[in-house]
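Here you get one chain, nothing else, as structure tokens; it is the form predicted alone.
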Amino acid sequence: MENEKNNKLLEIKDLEVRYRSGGRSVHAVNGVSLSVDRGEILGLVGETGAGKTTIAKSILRILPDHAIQSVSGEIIFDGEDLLKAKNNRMTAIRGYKISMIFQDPMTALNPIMPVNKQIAEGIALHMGVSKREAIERANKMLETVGISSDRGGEYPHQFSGGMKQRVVIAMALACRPDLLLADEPTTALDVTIQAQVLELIANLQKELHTAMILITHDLGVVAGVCDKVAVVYAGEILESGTKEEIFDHPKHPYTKGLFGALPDLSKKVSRLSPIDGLPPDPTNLPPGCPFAPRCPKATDECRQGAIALEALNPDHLCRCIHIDE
């Protein structure tokens, strides 16, 4: 039991996040609980607007202050509740213990600073080395991600999209963090470069034994990289478990719908099977199960109250009252 506790790096309990927008309350995250072990990769899967990025930004506490109405719950990282940590403590953690690869490398880099200096900033801040030593380490980090160190003095506009993303990865991993948050790190890249970047992230993650939360809507990426999966919808986790459980035995109608919308080259079909309808308005969520308005199995019971996330087995949780059917 003690070993299991020591292996637990991150544990989120009942996280709720509310935004303010035009005088209305936006229910972005609604009672999310999840955990990540050391060296483990968790995939957060769901449609755009499901709350995946908000969960990641809550961990780093970089949500926009002007838009936040409330944040509650617990985010226990290495035994410390980050929601209660002081600002200077979070500054020490960001980029050192927890790093983030942001979705768009085009806007994640400072356009008027050489890339090696951008990487070196975090190294100098957290590792306590001189600026010269920090630059040397930054150049070595560029080599690690497949960029020649003699390009370290160049600016972001001199790099392609794929190379910019490699720079962002180098920046995130420069201080060898315990947890890496990767927010759709390959969205802006073409398929060939996407495969290279994913392979690079996976190899570095194994080498550094860094735990990772990978945010994506691509189940193919999850299949190739992740150990565990959490399916997020309207700010809730509808289903979670090991990759094998979710892919081989999906139980929630939404999870089944996601798999049903994927092309299957072994079958001859004229068109894919999309999930009918749209995600609910987060300022006016339906009562009961948020997926009920789009669910082919929904009954009146689904719309009457909160539905608990129940364990089907130790490796598989699901939030649905019609699983047995």
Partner chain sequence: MSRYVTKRILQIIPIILVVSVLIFAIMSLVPSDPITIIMSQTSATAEEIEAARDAAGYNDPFLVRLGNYLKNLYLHGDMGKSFKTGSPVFKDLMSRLPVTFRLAFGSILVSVLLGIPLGVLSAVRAGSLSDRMTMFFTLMLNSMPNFWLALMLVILFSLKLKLLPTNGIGGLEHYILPVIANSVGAVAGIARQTRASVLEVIRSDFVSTARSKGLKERVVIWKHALPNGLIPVITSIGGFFGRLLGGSMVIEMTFSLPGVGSYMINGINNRDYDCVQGAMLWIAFIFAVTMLVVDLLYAFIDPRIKAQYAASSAKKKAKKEAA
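Given the structure is predicted, the values throughout are model-derived calculations rather than measurements. Residue numbers count along the first chain shown, from 1.
The protein also exists as the form predicted in complex with its partner chain; that form is not presented, and the subsequent description refers to it.
Each of 68, 73 and 85 near its partner chain in the model of the complex, meaning some heavy atom within 4.5 Å?
No residue of the spot touches its partner chain in the model of the complex.
Would you kindly say which of 195, 113, 208, 223 lies with a heavy atom within 4.5 Å of its partner chain in the model of the complex?
For this set of options, the contacting one is 113.
Let me know the one among 91, 203, 160, 187 whose heavy atoms come within 4.5 Å of its partner chain in the model of the complex, would you?
Comparing distances to its partner chain in the model of the complex, the residue within 4.5 Å is 91.
Give a yes/no on whether residue 34 approaches its partner chain to within 4.5 Å in the model of the complex, heavy atoms considered.
Answer no; every heavy atom of residue 34 is more than 4.5 Å from its partner chain in the model of the complex.
Although its partner chain is absent from this view, report whether residue 219 comes within 4.5 Å of it in the model of the complex, heavy atoms only.
Flag for residue 219 set to no.
Using the partner position in the model of the complex, report whether residue 151 sits within 4.5 Å of its partner chain, counting heavy atoms only.
Although its partner chain is absent here, residue 151 would stay clear of it in the model of the complex, with no heavy atoms inside 4.5 Å.
Even though the partner isn't displayed, in the model of the complex is residue 183 close enough to its partner chain, meaning a heavy atom within 4.5 Å?
Residue 183: no contact with its partner chain in the model of the complex.
Which is the contacting stretch out of 139-147, 246-254, 120-128, 225-233, given heavy atoms within 4.5 Å of its partner chain in the model of the complex?
That would be 120-128.
Judged by heavy atom distances of 4.5 Å or less, which residues of 279-314 approach its partner chain in the model of the complex?
Residues within 4.5 Å: none.
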